[in-house]
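One chain follows as structure tokens, the form predicted alone.
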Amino acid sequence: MTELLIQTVVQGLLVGGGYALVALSLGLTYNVSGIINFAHGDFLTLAMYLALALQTAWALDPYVSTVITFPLLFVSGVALYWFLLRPVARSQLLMVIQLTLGVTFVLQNGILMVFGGQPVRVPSDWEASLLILGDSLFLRTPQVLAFAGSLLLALLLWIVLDHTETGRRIRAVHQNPRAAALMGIDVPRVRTLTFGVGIGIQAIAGALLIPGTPIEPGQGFRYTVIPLMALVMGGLSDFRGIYLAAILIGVTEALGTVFVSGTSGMIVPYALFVLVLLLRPQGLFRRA
């Protein structure tokens, strides 16, 4: 029983690291643009299918394909913000939500038309690799790499935001766009490039999450809702809280799946979400 509990918790930590990777990019785009992109998870799905296309055409490993998919998604994110979201950014919240949901339907149906609706796998050299710790702890190497990638992204994000001129500009636009503009910062440019980077990170997340995992056109909803839960639980602008919230969601999801009978286990992460909203509505680390 103890071995099963340890294996489940570690598995949840690794899954939560994958969620954190997506949640951090969602938090980056939200905090600079003020827009919650409900198509965020569908860009992750798009990145996975692009990796599939590159693997089929040129036999590129998903990890290697990132050098192509990242620029493509970065340009897509820039275009999405500049041509669609920026003109309506000051409109009613419902209009912005409807627009991003429209992008979701376009991406899902476009993927469905091109690749079909059957779940597929993208072969990778690391797909069947295992790390064995001790006598009973078995970890899939792709999940370990995804967790390491999320840690690296969180560290890189902290360094950029806290120790670079670009990061200071991003934080200034987040805190007070009008004052930032008066200080000579090109606010639309900062928002556009940051939104592009946030979408581009989905290419990295897709490459890290794809080995050994079946993909299908409608999975983007899951990778929007769970990172959005982590974003709210973490306090919206606190990246430490967002990261920890994603990890907690991964762990509770794993525990619920193993120790709660039937499909009821899938309710456990949402129960955690409600509990955090009741006890810490300001976020895990933020003061009231």
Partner chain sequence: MRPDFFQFLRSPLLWIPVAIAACLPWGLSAYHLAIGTLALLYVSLALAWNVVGGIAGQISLANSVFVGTGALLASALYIRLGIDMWFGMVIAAAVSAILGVFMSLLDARFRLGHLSFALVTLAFAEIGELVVAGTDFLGGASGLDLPKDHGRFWLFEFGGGPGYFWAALVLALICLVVNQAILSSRLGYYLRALRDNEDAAQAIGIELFRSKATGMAISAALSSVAGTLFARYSNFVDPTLLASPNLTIEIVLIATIGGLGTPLGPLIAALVLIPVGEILRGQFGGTLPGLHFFLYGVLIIVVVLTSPQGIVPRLLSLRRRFRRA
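Residue numbers count along the first chain shown, from 1. Bear in mind that the values here come from a model prediction, so they are computed numbers and not experimental data.
What comes next is about the form predicted together with the partner chain, which does not appear here.
- None of 202-210, 148-156, 68-76, 83-91 except one has non-hydrogen atoms within 4.5 angstroms of the partner chain in the model of the complex; the exception is 83-91.
- Each of Leu99, Val232 and Ala271 is positioned with at least one heavy atom within 4.5 Å of the partner chain in the model of the complex.
- Distance criterion of 4.5 Å from any heavy atom to the partner chain in the model of the complex singles out Ile36 from the list Ala53, Ile36, Val258, Val64.
- With the partner omitted from this view, the residue of Val160, Val120, Val144, Leu112 that lies near the partner chain in the model of the complex is Leu112 [heavy atom within 4.5 Å].
- In the model of the complex, no heavy atom of Leu60 sits within 4.5 Å of the partner chain.
- Residue contact check for Val106: one or more of its heavy atoms lie within 4.5 Å of the partner chain in the model of the complex.
- At a distance threshold of 4.5 angstroms between non-hydrogen atoms, Val251 is out of contact with the partner chain in the model of the complex.
- Among residues of the shown chain, Met95 is one whose heavy atoms approach the partner chain to within 4.5 Å in the model of the complex.
- Contacts between stretch 171-197 and the partner chain, counted in the model of the complex as any heavy atom lying within 4.5 Å, involve no residue at all.
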